[in-house]
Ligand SMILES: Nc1ncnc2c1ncn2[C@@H]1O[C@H](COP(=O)(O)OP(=O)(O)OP(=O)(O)O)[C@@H](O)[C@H]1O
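This document starts with one chain, in the form predicted on its own, laid out as structure tokens.
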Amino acid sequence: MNVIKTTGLEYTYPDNTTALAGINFEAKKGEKIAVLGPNGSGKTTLFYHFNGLIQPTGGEIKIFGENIQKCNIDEIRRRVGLVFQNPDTQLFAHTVYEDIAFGPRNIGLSAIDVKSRVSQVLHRFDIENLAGKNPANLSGGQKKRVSIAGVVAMEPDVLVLDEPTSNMDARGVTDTMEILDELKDEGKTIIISTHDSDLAASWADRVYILNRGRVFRSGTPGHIFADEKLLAEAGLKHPVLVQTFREFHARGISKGEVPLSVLDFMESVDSLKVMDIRCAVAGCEISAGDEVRLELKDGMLVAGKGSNGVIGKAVFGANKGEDLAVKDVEGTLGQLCGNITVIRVPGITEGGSRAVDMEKVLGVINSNKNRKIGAMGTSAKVLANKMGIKCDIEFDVIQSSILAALRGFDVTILASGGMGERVIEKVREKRINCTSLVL
């Protein structure tokens, strides 16, 4: 089902500047869509049409199958939430609390329901400490989070965000995109504009490229970012992984489809052409020609004389702790991977961290003191803070956890709501042992 569909959409500003020139755009329920394009390509003007802020001068736009009219404009604006690029355009109240409360009050919710919604989004966006502050005195990143929170408080079916990560630091970007993923897991459609090709490549289900008011191209990230000529003509930056893959591919090192994640990139590399000999650290005194066993310990490849691990032959001698080269490795180092345990934490709508037996969680974590810990999703992060757990993995949790497991570490991931299923799916795709716990 299309929640938004435009056909030949046109818009000309009063000064006769053509902003949109025949845009065909579709967004389906539950999709994550990234709209890319240089400044002046029409991204913001297109977004303003999605909840009726401006009316087209040509073509058609349908929201949930209906044309935007005076009789349904209020309902459409409730169901399609728009977050402006500049938060100062959106924030106007004297306190953050009042700013977030404005929308729910405006649609006639009771005082109790307004308080509940505001408390929920303050908690979800980790901005409870800002509730009494004047938005004018906040940093750019804080203003952006508050403006997004104000729209989420309206509980729209579609969330449209113009440059949602601008002015944010790395932690802010990670937390914001995780919240958008949570909302997607709740069935919402998420549409963002961005200049960040890396973010669009790794996050979106579909990508639209706009240029001079037209759809230059649309498709899956794999389709879009595989087309080097297309990106050059659209004036867009190539994702770093794609650039690296192409350089490796030109040298006969990488093969297959264009990768959109580090894990995909690793699988594209022909290891025999990169390294015929494995580097390791000597776990004991070793002589040239000795048969050794390779094991992963604390993220390093260690060569020893034990009975466990993958067999190889030392190229030269080394004392304990020294670098060592090992050839003729038999088997695969994948045998040495660590395990990943996913602890499912209820989402906010299911009771959140309050519904968790913290003693059982601590019992699982303390059963292996050497494991690394990550948390993704609001409830999971709140639970970690409550329990005084310092997370080792804070950014790009799924991929980082898989990479840690591939280096031999055991990993525990606290995952909120539907994120747990996504973690398990991705981990099992890489054939890493995964255990799921609901406590």
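Note that the structure is predicted; figures quoted are calculated from it, not measured. Sequential numbering from 1, following the sequence displayed.
The following text describes the form predicted in complex with this ligand, which does not appear among the structures shown.
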Checklist entry - For S268, is any heavy atom within 4.5 Å of this ligand in the predicted complex, or not? => result no
Next on the checklist: Taking any heavy atom pair closer than or equal to 4.5 Å as contact, tell me whether N370 reaches this ligand in the predicted complex.
Outcome noted: no
Checklist entry - Though only this chain appears here, would H195 touch this ligand in the predicted complex if you measure heavy atom gaps against 4.5 Å? => result yes
Checklist entry - Just to confirm, E163 within 4.5 Å of this ligand in the predicted complex by heavy atoms? => result yes
Checklist entry - For the chain shown here without its partner, which stretch in 397-405, 59-67, 41-49, 374-382 has non-hydrogen atoms within 4.5 angstroms of this ligand in the predicted complex? => result 41-49
Item to check | this ligand: the contacting residue among T174, S218, Q85, S254 in the predicted complex [heavy atom, 4.5 Å] | outcome: Q85
Item to check | Stretch 2-29: residues contacting this ligand in the predicted complex, 4.5 Å heavy atom cut-off | outcome: Y13, D15, T17, A19
